[in-house]
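Quick setup: one chain, the form predicted on its own, written in structure tokens, and binding and motion questions come after.
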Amino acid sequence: MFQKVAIIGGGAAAATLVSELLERRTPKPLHLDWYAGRPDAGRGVAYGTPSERHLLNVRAASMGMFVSKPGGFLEYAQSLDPHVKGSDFLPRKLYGDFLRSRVEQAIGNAHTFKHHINVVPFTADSLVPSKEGITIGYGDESAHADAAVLAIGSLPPRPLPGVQDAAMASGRYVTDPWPYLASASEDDRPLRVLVIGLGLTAVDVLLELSAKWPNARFTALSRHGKLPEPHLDSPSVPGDDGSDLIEALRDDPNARNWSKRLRKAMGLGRYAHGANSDEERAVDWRTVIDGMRPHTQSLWADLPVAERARFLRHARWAWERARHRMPPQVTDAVIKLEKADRLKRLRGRMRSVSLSPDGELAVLRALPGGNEITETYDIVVQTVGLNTDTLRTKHPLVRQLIVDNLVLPDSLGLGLKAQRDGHLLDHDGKPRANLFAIGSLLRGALWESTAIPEIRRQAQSVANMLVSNKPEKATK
């Protein structure tokens, strides 16, 4: 058993693990040092938004904090509003309130099992693991723990290649949309806004800024110019357990063949090319995607690294727009923006962003046919998804661990090399007995590793290993 544990991170993953540990009866009392680094520990970036327009993309019934109580969030929401249903898509702000309330409750009850928790209002700057434990550096101080868990979430976003220094210095190019949205004020100027990317973050940016800037017009640029798919108004039920499909995928771990099998199972022969007609959508393809979720991590483990790279290059965009879907009311709001001629979607790639003599941002983009065009905008907002590239990150702690050769970056830029159970690997590729990760840093090992249903299972598993008196069997 690890009696003194350091937990690094201030978001949902860290809050879930802290609560999981504090609510356990253990052979010896635990001492937790939680390096939250923020006053509102538990919310993180994902649930720190103050806007009611930003909704969860998972129904309320599935957003519980613990494996043993998956309906916990629904109960919390219904205690505030009895009319809430399990099928509702609720504000992310409300979920942040739920996380804060539950972690505060766990901290308040820590004395029940004689646990002690120290919430450190600093981020950890360094970790030095050894057989005797782990030394944590923060500011001018240091501390010791028996084990540590990295639960830091997404890494800070980096400007895309081609963005010139003058464009960054102008303040008109936004790499991190969340603090920008939180501080954006009402503005009735006819602003021209380019959003790079078309995932769920881009949708949140569009809805928030279009409401605050009623005369602004928006252009959204992505490789394929397609929005995330919509959820159904009500939950759908799979026609079968999908076992035949899963078995066929396991028998043939090949990204190209997987894509063909999935399109066939979904009834979308031309899905990857954007099939949209009612005839092509006759089969409820969402049930196929949702039915795969319990198997995605093990399927990913079966996929050779070369095939994973092929998937990331060619199929990732299609998978993510089908897997990470928009709530129906969000879909309606985006369609309304398009019908009002306030939103235009473009296919292509951004080549460069420079500052023009007039103080505007000149964006050079490649067209699908190979030509290029330059257009100017007042604001450019980058929304290209989670940053998990640990090799190139400027995150101080992750950078220190990699530079000091204490952990290994994932070869495909998907976090850190780790076992599937969360043990991080050392420079020889061996699991470190006292250093773990949960959340987005495990994308390389698990792929499906950023949503609450997966994070709560990881928190339970890591908590089991931390408090066990028996060594856990490694999971490769």
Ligand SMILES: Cc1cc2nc3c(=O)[nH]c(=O)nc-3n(C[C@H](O)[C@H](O)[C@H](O)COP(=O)(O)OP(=O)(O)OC[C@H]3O[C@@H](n4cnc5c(N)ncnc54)[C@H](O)[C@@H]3O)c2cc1C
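Quantities reported herein were computed from a predicted structural model and do not represent experimental measurements. The first residue of the shown sequence is 1; numbering continues from there.
One more form of this protein exists, namely the form predicted together with the ligand; it is left out here, but the text below deals with it.
Asker: Considering non-hydrogen atoms and a 4.5 Å limit, which listed residue (P70, P431, G37, G413) is close to the ligand in the model of the complex?
Answerer: Checked against the cut-off, the match is G37.
Asker: Within 4.5 Å of the ligand in the model of the complex, do A13, N57 and R92 each have at least one heavy atom?
Answerer: Every listed residue reaches the ligand in the model of the complex, so yes.
Asker: Can you pick the stretch from 147-155, 333-341, 302-310, 161-169 whose heavy atoms fall within 4.5 Å of the ligand in the model of the complex?
Answerer: In short, 147-155.
Asker: Mark M63 yes when one of its heavy atoms lies within 4.5 Å of a heavy atom of the ligand in the model of the complex, and no otherwise.
Answerer: Flag for M63 set to yes.
Asker: Does the ligand come within 4.5 Å of any heavy atom of I8 in the model of the complex?
Answerer: Close contact exists here: in the model of the complex, I8 approaches the ligand to within 4.5 Å, heavy atoms only.
Asker: Verify the contact flag for V45: yes if a non-hydrogen atom of it lies within 4.5 Å of a non-hydrogen atom of the ligand in the model of the complex, no if not.
Answerer: So V45 counts as contacting the ligand.
Asker: Taking any heavy atom pair closer than or equal to 4.5 Å as contact, tell me whether A451 reaches the ligand in the model of the complex.
Answerer: A451 belongs to the contact set for the ligand.
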